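As a starting point, one isolated chain is supplied in structure tokens, in the form predicted alone.
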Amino acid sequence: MENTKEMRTWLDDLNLDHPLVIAGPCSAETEEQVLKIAHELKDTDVSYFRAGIWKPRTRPGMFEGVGALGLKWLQKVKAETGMKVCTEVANAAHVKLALEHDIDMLWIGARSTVSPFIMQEIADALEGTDKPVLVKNPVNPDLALWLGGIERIYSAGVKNIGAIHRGFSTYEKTKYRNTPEWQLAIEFQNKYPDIPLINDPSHITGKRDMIFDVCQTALDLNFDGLMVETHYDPENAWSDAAQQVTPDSLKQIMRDLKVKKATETAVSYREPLENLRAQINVVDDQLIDLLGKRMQVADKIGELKKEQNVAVLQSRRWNEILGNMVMEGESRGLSEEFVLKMFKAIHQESINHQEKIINN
């Protein structure tokens, strides 16, 4: 993709004085439900009303959306509230129907982005459209796969493109439904800074009480907007009940979020500084997580040594680690003194963990 600056045009044309906000229910359930939520979001910071009408579920037998009927409901939202509307498309037939019903913006879900075959089929159906098309990151943390999907859409002549960061699946259980892997999103921004990047805190967290914190982190990292699932009765929603917020809660979140002000003095210094600090916070969180995992492995080694009556300190192994880490550190611009201090502290913590296991 050569000229990505043109991809920001559709966002700039909205003339917003705040980050882009896309909100609405996970699933369109009934016409009454869709219109009620839309009217409660009218005259707020919400620019696009979202609702899923084709809902690919992990297992069959669950609610899988109302289908094309929901497109009529979205048309009523436009007519009654003046809000633009958007929905997810997962194949060429979805694209055709959405364009026929003049849906203002389309997004492609994570399960679709993971397949180049599906992405090409959708790209062919979208060829030449001037509707904004947002591409969610694939289920797995693969930046090349994400970019490849976007490039297929771009090659079809679609210039109004954006990306949605919705987190990534992992085998390990974490506090998130889908781990954000912020560093990957940062790499995306560094590679294509002119492609609008939207954060989806609902699918990242899976829990409504975590929505605000993820939104704030996204804005600190210079994301262009947010997509938040919103329902007037989230506890009884037909899908993803735990992660949806009420319209009133969304309004409060929007009020509480801290957004950088372009009119502040020395903005050319403070904006990039805050962005860099936010990146450091993300990396620091990753460091703590990795150190915790390292100590879990050390605990298992301690249990094995206890079973076999082996000494905790293995000097030869320790000297090999230090030598390797010093060389690795130097190749990454880290001084020998720093690497030695850091790994001696890590080694001491590992010894403490193993001695506690053996002594108990």
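In this text, residue numbers run from 1 along the sequence as written. Note that this is a predicted model, so its numbers are computed, not measured.
The next section is about a form of this same protein that is not shown, the form predicted in complex with a small molecule.
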Counting any non-hydrogen atom inside 4.5 Å, which residue from 136, 208, 94, 152 sits next to the small molecule in the predicted bound form? 136
Residue (of 46, 66, 34, 26) lying close to the small molecule in the predicted bound form, criterion heavy atoms within 4.5 Å: 26
Exercise: residue 107 in contact with the small molecule in the predicted bound form, heavy atom 4.5 Å: yes
Classify residue 56 as contacting or not contacting the small molecule in the predicted bound form by the rule of any non-hydrogen atom within 4.5 angstroms, answering yes or no. yes
Might residue 111 be said to contact the small molecule in the predicted bound form, defining contact as any heavy atom within 4.5 Å? yes
Would you point out which of 321-329, 304-312, 290-298, 47-55 contains residues with a non-hydrogen atom within 4.5 Å of the small molecule in the predicted bound form? 47-55
